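Shown here is one chain on its own, the form predicted on its own, set out as structure tokens.
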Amino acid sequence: MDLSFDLVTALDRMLAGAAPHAGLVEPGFTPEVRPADPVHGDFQANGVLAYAKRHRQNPRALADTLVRQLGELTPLFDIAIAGPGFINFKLKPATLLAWLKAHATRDALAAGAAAAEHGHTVVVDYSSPNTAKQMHVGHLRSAVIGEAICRLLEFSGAKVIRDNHVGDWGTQFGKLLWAYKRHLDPAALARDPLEEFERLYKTGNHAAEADPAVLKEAQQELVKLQAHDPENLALWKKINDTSLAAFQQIYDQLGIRFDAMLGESFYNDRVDQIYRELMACGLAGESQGALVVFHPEHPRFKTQPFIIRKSDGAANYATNDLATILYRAEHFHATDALYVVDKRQSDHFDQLFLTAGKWFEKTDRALPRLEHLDFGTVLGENGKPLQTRSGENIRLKDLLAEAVERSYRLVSEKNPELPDSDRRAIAQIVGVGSVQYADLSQNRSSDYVFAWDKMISLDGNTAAYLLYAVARIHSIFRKLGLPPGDAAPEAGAIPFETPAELALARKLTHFPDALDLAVQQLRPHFLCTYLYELAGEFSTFYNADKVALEDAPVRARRLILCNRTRLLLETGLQLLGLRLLTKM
């Protein structure tokens, strides 16, 4: 419980003659605490001043009266008044120990977090590459941020449905099919199918731009596909199946899975319903041959149309996305739908959500909470979008391969005595994890600079640093001949005493706050920052206080600190989507 949040209620009760903590602190209270202020204490109740001003009371005297009536909390907290009326609550060493004993497993941590999103069914729309193309660095952020958000929400009690809304339909297939039938290189197709598909699309696109006759033929190929021509449908399916298999190889590397892969083609037969209903509701009308929606109350969208059917009669992203919202509401019974998409698409989602809100209201449907979780661009060290020297997008598989190779060199330098197979396996986890963590440790709405030297380093806020911290704790238990997580060596522990012990114990109890902040704002970087600070606090403790002591009670309490640090680091890294190591 957050005492500072309940302070006004406590003051009201006190002035009414009731115990201020009645109903706030249950009899036999054990600390399900969420520390918030490491400078002033574990809690700082600073609402006294504003309350005293409203009620024309002396804030210091009011604080003093409140503190005297909080006697039942004194076994748990050191309570003191600071300044004109701030009340500081500092967890006592015995309370810290009790909290750490109560949160000894991942299940115990999850039980405390599960109430936050319980009852929510959340569809998370992320990754969403286009088939017939290679995944490139531009697809990185949606994939890793989306997966981390899914894991955070699941840990917090939500039912999460991961939906990869792939781009597997549209005008590009007419040009691709035209080129496939005329310019296919079978050897290239066997060697690297996606690369050959990309080449064919470029060939078809250039030819269509240069020759109106080719453009007409490509359009005819698309019409045949949309009419379910057997030959074109078979080629389209082959292209998509090959693409999805290639995507899956990258998803496997990143530890990403999906519950649904409902691409644009899935909604192709549902778009007519969108046209009919939006027109029947009076939301959509014709403008220059297209079917559009305007929002008169909006400063820009009153003149900027939301096109749901193009002038040539074709559906587009808007139509498809409206059909998707309806399906997620009716089929998945979603309470929330989150879209992890580039911030450059903000206008589209603003118009989409406005339109969906009015449409659902007019048709008496329950609209899920819709939110666009935007993200910035991955930049090179020149401050421009990360690309190859030739100006091409960097393929994601090549980026991950380079990360693994750089990590192999780092691991080999750190532990040259390890067998090569072990170094390769470690490098795979460190390399991929470094790419994931470098992205997740940034505020998702911001652009960030992709710098290899900072990313794959044992110094600073990096995956390698955190994975090494976990491996180091495992090595402590190996040297002591103890299995990590075993409660037996923790028996008989006495409350913490040294400054380093107390600082680490307090930092450990901050985990629920970091988790709550990451979940409520859907920004994984808050959890990254906490894990980095926790690893630093552990390093300070380990350098200051010896663990392998003869004094059994002191050794036990220090083993608790080691074990809980390991647990929280491992839990946090897994929630971010990283794989773990016990040796490095």
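Quick caveat: nothing in here was measured; it's all calculated off a predicted structure. Residues carry their position along the shown sequence, with the first being 1. By rigid core we mean the largest C-alpha set that fits within 1.5 Å across both forms.
If you look for the form predicted in complex with the RNA, you will not find it shown, but the lines that follow are about it.
Of the heavy atoms in D252, none are within 4.5 Å of the RNA in the model of the complex. The closest non-hydrogen atom of P305 lies within 4.5 Å of the RNA in the model of the complex. The closest heavy atom approach of V411 to the RNA in the model of the complex falls within 4.5 Å. Taking the partner from elsewhere, R557 is found to have every heavy atom lying beyond 4.5 Å of the RNA in the model of the complex.
In terms of contact with the RNA in the model of the complex, the residue from S311, T74, Q273, Q220 that brings a heavy atom within 4.5 Å is S311.
R472 is the sole member of K181, R472, K397, R424 with a non-hydrogen atom within 4.5 Å of the RNA in the model of the complex. Contact with the RNA in the model of the complex, judged as any non-hydrogen atom within 4.5 angstroms, is confined among 362-370, 498-506, 439-447, 481-489 to 439-447. Annotated contacts: L49, F86 and Y532 all touch the RNA in the model of the complex [non-hydrogen atom within 4.5 angstroms]. Taking the RNA as positioned in the model of the complex, the residues of 558-584 that bring a heavy atom within 4.5 Å of it are, in sequence order, T582, K583, M584. The rigid-core alignment places the CA of Q57 2 Å or more apart between this form and the one not shown.
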